[in-house]
Structures are given as structure tokens and as C-alpha cells.
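Quick heads-up: it's one chain on its own, the form predicted on its own, in C-alpha cells.
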């Protein structure tokens, strides 16, 4: 098929991309502009359920952006609903892009714009490496955190690209068809720079602590790339711990970061970041990630992976079912107290952060 863009031919060869037209939509600024022009500019109540949001706004083949940071304020419950609804052939993108790998075995994600996958202290997602080797997912581009973030930032600013030194010291350029190396036109001497194009995902869920019914959203803690993603993405769904009156956002403006005109839908979704961390609300479920990264996502045996996701995703209808499996109200209370203590709101003397580490049986042999 024909393409409207010029790509890095070395990267196309290295990634074995025979039809580069699959890359076009991510950098198609004109179609993104048209999508943005159609957004509602009036004060309209945009509240819908999570099921309705996924049904309406996530289409098979979409470029699906991961927001938050791995397990910090990440809309994991929205992702689980995407998996439950059987969406297919999505392209996963995000900096990091930790969570899209969960849907690869089920055909939810067939393509990857690859960044870091893992849960930091728990380790990397080795099942993703296995899926790549077995050709269950196709890598369309390789990125560093910083370079992908610059692509979202370019889209936010309305710039076609950003010139940066990022990536010049690595081989990532050889595996990224989007970026180009040129000489800095302002320098007489040789001075290579990397051109990073504006990136426009199709859809992003952004979990926040507070939003109003129109889509104005407030984030407490690190915003990561979410402010840029709210502008860059063609479809933006806010999931929020609390829906607050517009007057509350007007009276407390210092953490209001996403204005309503970019938002297509608002979902009231308390505990929407579980089993991750939502700053100021609840601590992350370390035991879940221990089992997930060290056993289910170890790449050792698909039966462990399948039983894990059956239990935590497909056998749950919503976040409340999920919390019951974590330990219910007792688990929630403990992790709310921990989070408030770590934020300096509650007394931290006597807070117990210990937990039972998971040792896979193959590591004991």
C-alpha cells in the first residue's frame, strides 16, 4: 500500500516492515487536527460508564496510548475493560508502555511502539520478549522515554517535529522508522540533530484524582506525559476517583492541568488505578505485581499467565470485584493509610511496609 510519509529505510528493513502505511496514522497531523476540530466546545455533561466509554471510543486497530507511569496513576481498570470487551489489533504506545503486553495473548494488542515494559523493582516483562520472538506482536518502532515524550510534546505544541540530541548516542534510530538525523541548519560546523515527529495516538484513557462533569481534570503528583497526551490524542477519556463540582476546580486551580475542550468522555471510576498507586488515595498492590512480573509474566509457562489474567481480569466485572480479590475493605483501608502516611498526611510511625516476597519455584531449584 502507498504511504504519504518518508520513513527511515534502515529501520523499516531492520524491523521487517513491508507495508509502511501502517505507520502513517501515528504522525498524521491533519487527520488528528480534523478530529480535534469536531470536539465539543460547549459545557456538556460528558459522564458515561466505563463499559460505554470502551464500547464507543476504542475501535479495533486504534493506536492506544498508555498514560500515567507503569503502575502510578495508570488507568489499569480501563485497560482491563478493553481486554474484557475483546478489542482487537490495537497498537500500543506509551512512555513507558508497560501495560499493553497483558492483552497480546488475546489479540487485544497486535502492534507495539516499544518503550520500557516492566514494574521497576519487580523486574521486566519477559513474556513480552517471548511474544516478540514468537511473532505474536509486531514492533513498529523503538523509543526511549525522552524521545517519545518529545513526540507527544510536539503534538501538544502544534509543531510538526522537535529537533533534539536525544537518541543520537544509541542504536534506537536504526529501529525507529519515524526519526531522522539532519544537520543543524543554524551551525556552520557539522552538528547532527534528531528530528522527532509529533505523535498522535487515536485514544487515551487518563486517570486523575478529580474531574468535573465537563472534563476539566486535576492531577495530584507527577503528570508524566498526560498533559501532552490529552492534547495529542484524537479521543480522550478521563477516568476519575471523584467527580467534583466545577466550582471546586475554579476555586482551587493550582493542579488543574487538563481543560474540558480536549476531553470526549468522563468516567467516575473510584479505584481506577488499582492494582497500581494513585497518589494521595491508595498505595500499590505489591503482592499482585510480585506474582504478575515474577510468575505470570516470566515467560516460563503460558498456563501461569492465562490463569493469572483469567482470575484478575476476565473473572472480574469491575474494579470492585478486583479489590475483593485483593482483600476487600481491609486491603483498601491498609493501603489508603500507607499512601496518606507516605504523603505526610497521616502519622508514619508504626506504618508497616513489609510483605511476603514471591519466590518462583524455578528460582528455588
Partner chain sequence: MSVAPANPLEMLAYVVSKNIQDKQIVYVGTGLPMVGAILAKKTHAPNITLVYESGGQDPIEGSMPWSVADPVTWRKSPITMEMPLSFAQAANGYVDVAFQGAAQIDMYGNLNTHIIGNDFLNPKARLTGSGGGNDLISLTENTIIVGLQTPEKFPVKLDFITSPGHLYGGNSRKEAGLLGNGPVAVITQLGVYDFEPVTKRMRIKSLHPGITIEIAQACTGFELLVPEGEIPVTETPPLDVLEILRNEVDTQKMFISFPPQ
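Positions refer to the first chain, counted from 1. Please read all numbers here as calculations on a predicted model, not as lab measurements.
This next part talks about the form predicted together with the partner chain, which is not shown.
Considering only heavy atoms, tell me if residue 266 and the partner chain come within 4.5 Å of each other in the predicted complex. The answer is no: residue 266 has no heavy atom within 4.5 Å of the partner chain.
Check whether residue 220 has any heavy atom within 4.5 Å of a heavy atom of the partner chain in the predicted complex, and answer yes or no. Heavy-atom contact with the partner chain at 4.5 Å: present for residue 220.
Is residue 292 one of the residues lying within 4.5 Å of the partner chain in the predicted complex, judged by heavy atom distances? Because no heavy atom of residue 292 falls inside 4.5 Å of the partner chain in the predicted complex, the answer is no.
At 4.5 Å between heavy atoms, is residue 84 in contact with the partner chain in the predicted complex? No, residue 84 stays farther than 4.5 Å from the partner chain in the predicted complex.
When you measure heavy atoms, are 23, 47 and 210 every one within 4.5 angstroms of the partner chain in the predicted complex? No, the whole trio is out of contact, none within 4.5 Å by any heavy atom.
Only one of 240, 117, 104, 79 has a non-hydrogen atom within 4.5 angstroms of the partner chain in the predicted complex; which is it? For this set of options, the contacting one is 117.
Select from 138-164 the residues with a non-hydrogen atom within 4.5 Å of the partner chain in the predicted complex and write them out in sequence order. Residues within 4.5 Å: 139, 142, 143, 144, 145, 146, 147, 149, 150, 153, 156.
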